[in-house]
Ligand SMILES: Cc1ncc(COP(=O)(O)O)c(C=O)c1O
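Taking the form predicted on its own, here's one chain by itself in structure tokens.
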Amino acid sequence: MSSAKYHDFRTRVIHECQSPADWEGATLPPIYQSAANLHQTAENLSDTFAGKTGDHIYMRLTNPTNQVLEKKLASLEGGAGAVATSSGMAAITNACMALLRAGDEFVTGNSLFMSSYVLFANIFKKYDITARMVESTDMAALEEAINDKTRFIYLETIGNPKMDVPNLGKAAEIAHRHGLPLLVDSTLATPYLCRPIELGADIVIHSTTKYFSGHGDATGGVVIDSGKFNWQNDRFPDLKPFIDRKGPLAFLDKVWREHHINFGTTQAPLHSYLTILGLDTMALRMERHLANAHKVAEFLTTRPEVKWVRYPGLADSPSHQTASGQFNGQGFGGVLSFGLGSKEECFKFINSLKMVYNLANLGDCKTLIIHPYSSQYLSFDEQTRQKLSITEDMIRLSVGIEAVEDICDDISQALDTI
């Protein structure tokens, strides 16, 4: 089915890359649960290894179910191609490692998902790679941190859990002025709310575990290449053989050929299938996520027990103006954070909730809550926690698609206990 007829995201997210004629009339792709693929002749297998055919060889390399997801997500983001991975962190690691060598540096905002921070600040350091961290919304600091060793700029569309929103258009201008690509983790926004490539980003990364899947039943990630960055500059001499092979998609080819298949970060076909299934309702779910989150954020500001609320949809948020111009007018995200004064009050509040789930995930259709300081950031020293704005009184709330009145009622009765 051609996607040319459809312009509205709500239609495209369902019909993009559908191919029932190739699936014996099924409206969802088959799950190709096979470790390897049969070739009828020795010549065909040899040609496939040589890249002369598009046939499949081994699941770790390519898989038909995964390719449907890759094509669909690339199209929804306005990209030229994609590689689906086993998790969001696999996508982040592969994208970064494809551009980094020992002695290199990159510039990143300091508002980062916990595992991204550990990867950048600790693990990369062991390989003589330096992440220069600056305030995510400070574009002057971002540019000042660039030097001759810099290989890319990395930002999150909405910082997790700080809830700040960097100006991606300005960041892209800075990156391109210095011959650098802009990499964006857009997990919390999704292409329903914001498409970074349209704002100038070159590479978009998602944890598909979150809103794409939407039901807490599948893990995965994706690296999406805009196909627009010119890799033929002095900062990327190691991309030459990939440019010769794939031209504008040199980066994606390097991600796949050099890292994805050798690090073994393949997404399970069943998880790709579940994510494709989730995409059918993503637009509808996002409408409710965004509407509910805004109402919950406003409700929290009325409660005296709540000391502060961080949500870009609130008029007093430092990121409100940037988010208003950068997002599509449908909302400001489905996640927020707020403070209750102390760790003890946070624990009492969480333990008093009756409907909201206390677990380490977000983007589920259910409302989820976590105390980051004592869980995800438990092993961090106090100085690092403060640098990342992770305080003892912080609670992160991923607002689900239940009736917002029920969400607020559950929060209200739990607040009454502290």
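All residue numbers are counted from 1 along the displayed sequence. Everything numeric in this text was worked out from a predicted model, so none of it was measured.
Another form, the form predicted in complex with this ligand, is not on view; read the next lines as being about it.
Note on the interface: of 246-254, 280-288, 186-194, 313-321, the segment with non-hydrogen atoms within 4.5 angstroms of this ligand in the predicted complex is 186-194. Scanning G79, P181, G88, G333 against this ligand in the predicted complex with a 4.5 Å heavy atom cut-off leaves one residue, G88. Checked against this ligand in the predicted complex, the residues V68, V356, L362, I370 give one hit for a heavy atom within 4.5 Å, which is L362. Residue contact with this ligand in the predicted complex: E156 places a heavy atom within 4.5 Å of it. Looking at I92, you'd find a heavy atom of it within 4.5 angstroms of this ligand in the predicted complex.
Within 4.5 Å of some heavy atom of this ligand in the predicted complex lies at least one heavy atom of G220.
For N160, a non-hydrogen atom is located within 4.5 Å of this ligand in the predicted complex, even though that partner is not displayed.
Shown without its partner, the chain has S207, T209, K210 in segment 201-219 as residues with a non-hydrogen atom within 4.5 angstroms of this ligand in the predicted complex.
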